[in-house]
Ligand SMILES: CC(C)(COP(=O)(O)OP(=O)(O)OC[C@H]1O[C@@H](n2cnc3c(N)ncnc32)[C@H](O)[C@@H]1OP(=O)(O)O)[C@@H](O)C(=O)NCCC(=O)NCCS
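Given as structure tokens, the chain that follows is alone and in the form predicted on its own.
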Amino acid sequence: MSGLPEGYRVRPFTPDDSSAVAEFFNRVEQEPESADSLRSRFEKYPSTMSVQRLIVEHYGTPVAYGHSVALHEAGGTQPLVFIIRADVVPKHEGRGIGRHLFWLSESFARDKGAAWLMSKVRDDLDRGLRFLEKLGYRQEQHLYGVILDLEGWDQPLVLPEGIEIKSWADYPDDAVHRRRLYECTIAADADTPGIELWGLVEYDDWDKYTFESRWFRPAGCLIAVDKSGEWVGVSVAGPTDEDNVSTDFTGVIRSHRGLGIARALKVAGAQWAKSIGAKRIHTYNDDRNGPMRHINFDLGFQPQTGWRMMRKDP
């Protein structure tokens, strides 16, 4: 792989680069990311998992960012999947910077024993799709983005018979309850379209990602409880900035689906987002997840640009 043009150099990412990288991300991401939230997310990434984050400078100014990030810890029960990403300032595109970052990132992932590589491209960016295809990536999944404008939105919370909705704030934050929340989440997630690609997250990774994330709010973590006291559904949402909330996951265990629990969780989540002053709530679904897409549209979510998830065998 040839090097970069004159005036460009690659160096490791530092926290001081967070503002620049947030600007890079926000050129394409629908969910805005502040420098503080980005810095926190990077700092909280489990130290046991492999990650490489790089900056390309042009005469000292950051003009591109690239990473190779493991989704799981090596040696676990899940395939070792690496997320590969490169963002280049538009006026510096076409100079081989993105391709060079991909080469460095893929090489890092291979050295760490990657089972396969994943990248993503917005489904309205044909140039980005062609770029990934030339590098050997193929579409494996399509995520459908939706957004709900909370200003003026008002939906009643209708609970299915025998179901109540609590939040994490109603329970002690201890190891027993964390494990219980994890088990409910995994049971609800096991049938999600696309899970065969990503695998179910291990407990330690989930625990750190959830409870040490800057976006996590106890009141935004909702739990559906049936009359026997069993936890049967989960919805977790948190702010990405002062105006926007993102729903990270909503799911119901198999035995309780079709009762309206997921819809109630979505309504309760939107009500909570509105109560903290958020103006919008975002989420994504696999386009094969018809039931969840139907719920979102019924509640007033509007379609956004989606994402093509692209896979490459190492």
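Residue positions are given as counts along the sequence shown, with the first one as 1. Keep in mind that what you see is a predicted model, and the values were worked out from it rather than measured.
What comes next is about the form predicted together with this ligand, which does not appear here.
Contact with this ligand in the predicted complex, defined as a heavy atom within 4.5 Å, holds for exactly one of 257, 279, 44, 53, namely 257. In summary, among the residues 140, 183, 191, 133, the only one with a non-hydrogen atom within 4.5 Å of this ligand in the predicted complex is 191. Residues of just one listed stretch (65-73, 283-291, 268-276, 28-36) have heavy atoms within 4.5 Å of this ligand in the predicted complex: 283-291.
This ligand is not shown here, and in the predicted complex it never comes within 4.5 Å of any heavy atom of residue 22. Using a 4.5 angstroms threshold between heavy atoms, residue 263 counts as touching this ligand in the predicted complex. This ligand is not shown here, but in the predicted complex it comes within 4.5 Å of a heavy atom of residue 252.
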